[in-house]
Ligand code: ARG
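Shown next as structure tokens: one chain only, the form predicted on its own.
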Amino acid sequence: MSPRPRVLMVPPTYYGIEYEINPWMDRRQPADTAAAQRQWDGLRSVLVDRLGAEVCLAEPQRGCPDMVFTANAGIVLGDQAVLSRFRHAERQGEEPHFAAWFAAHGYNVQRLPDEIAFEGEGDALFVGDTLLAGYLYRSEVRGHQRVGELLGVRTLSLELTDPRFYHLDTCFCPLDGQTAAYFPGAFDEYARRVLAAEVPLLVAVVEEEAVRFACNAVVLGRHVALNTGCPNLEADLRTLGFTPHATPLDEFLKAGGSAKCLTLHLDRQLVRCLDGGVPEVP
């Protein structure tokens, strides 16, 4: 039996709209903390009970309301954890807490130079053995190759063009090594050409579902956890042999996040072929 996939989450104990660092955040529209807790619990239940995941928890910290968005903590491959360097001062207080968690759980914590902004799995996602990395709003393109060197993987950069989709994981969702869902309007022309060349099957998401963060989904095997209100993508997923699991996450949309933002993959492995061929990331 395969081991249960592990993901990292942080309870929304201190979650709230305390500042504005993306177009979704508006302090005049605060989060309902009780509803946020229910929705977070709902996502966790989906991951554990339906997708068979093991959810690991990091301790929430007062003064770090966005720490709940663990995808931005860094990126993990094998026993390597490349720690994020947040662009905005409002989130930089999260860094030592995530560094301590990774170190305490046996990861070799890798750090980028302080002057290079990089926001982890929010802007870096694997398709097969290739790391696709977004830049402009949060992460810097000059950090991508360094991340690739630290992890020993090929890295390609994608420029984002719509501030609503400020992280790559808000507009791009790898489903397997050959397939991904994406919102074309979030990318520049060159990035769209890169995606067309690298991903054999691209599933375009309509704008009305893109702004529901349809692409911000958690994929574990053939199961996909995503926000409610995305019927077209759910239908496309079923056609492709995936099983969608919709769960309401609107309280987190208020801060510009959804299912994927709330989770960080902990079990990515680099498997090198015995004949020296191309490595693969399951």
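In case it trips you up, residue 1 is the first one in the sequence shown, and so on. Since the model is a prediction, treat every value here as computed from it, not as a measurement.
What comes next is about the form predicted together with the named molecule, which does not appear here.
**Student:** Determine which one of 33-41, 248-256, 225-233, 47-55 lies within 4.5 Å of the named molecule in the predicted bound form, judging by heavy atom distances; exactly one does.
**Tutor:** Of the options given, it is 248-256.
**Student:** Sort through 138, 85, 144, 212 and report the residue having a heavy atom within 4.5 Å of the named molecule in the predicted bound form.
**Tutor:** The residue from 138, 85, 144, 212 that makes the contact is 138.
**Student:** Is there a heavy atom of residue 13 lying 4.5 Å or less from a heavy atom of the named molecule in the predicted bound form?
**Tutor:** Close contact is absent here: in the predicted bound form, residue 13 is far from the named molecule, nothing within 4.5 Å, heavy atoms only.
**Student:** Residue 71 versus the named molecule, in the predicted bound form: is there a non-hydrogen atom within 4.5 Å?
**Tutor:** Looking in the predicted bound form, residue contacts with the named molecule include residue 71, since a heavy atom lies within 4.5 Å.
**Student:** Is residue 21 part of the interface with the named molecule in the predicted bound form - any heavy atom within 4.5 Å?
**Tutor:** Because a heavy atom of residue 21 falls inside 4.5 Å of the named molecule in the predicted bound form, the answer is yes.
**Student:** Would residue 101 sit within 4.5 Å of the named molecule in the predicted bound form, counting heavy atoms only?
**Tutor:** Contact check for residue 101: no, nothing within 4.5 Å of the named molecule in the predicted bound form.
**Student:** If you apply a 4.5 angstroms heavy atom cut-off, which residues in 144-180 are near the named molecule in the predicted bound form?
**Tutor:** Heavy-atom contacts to the named molecule in the predicted bound form: 166, 167, 169, 170.
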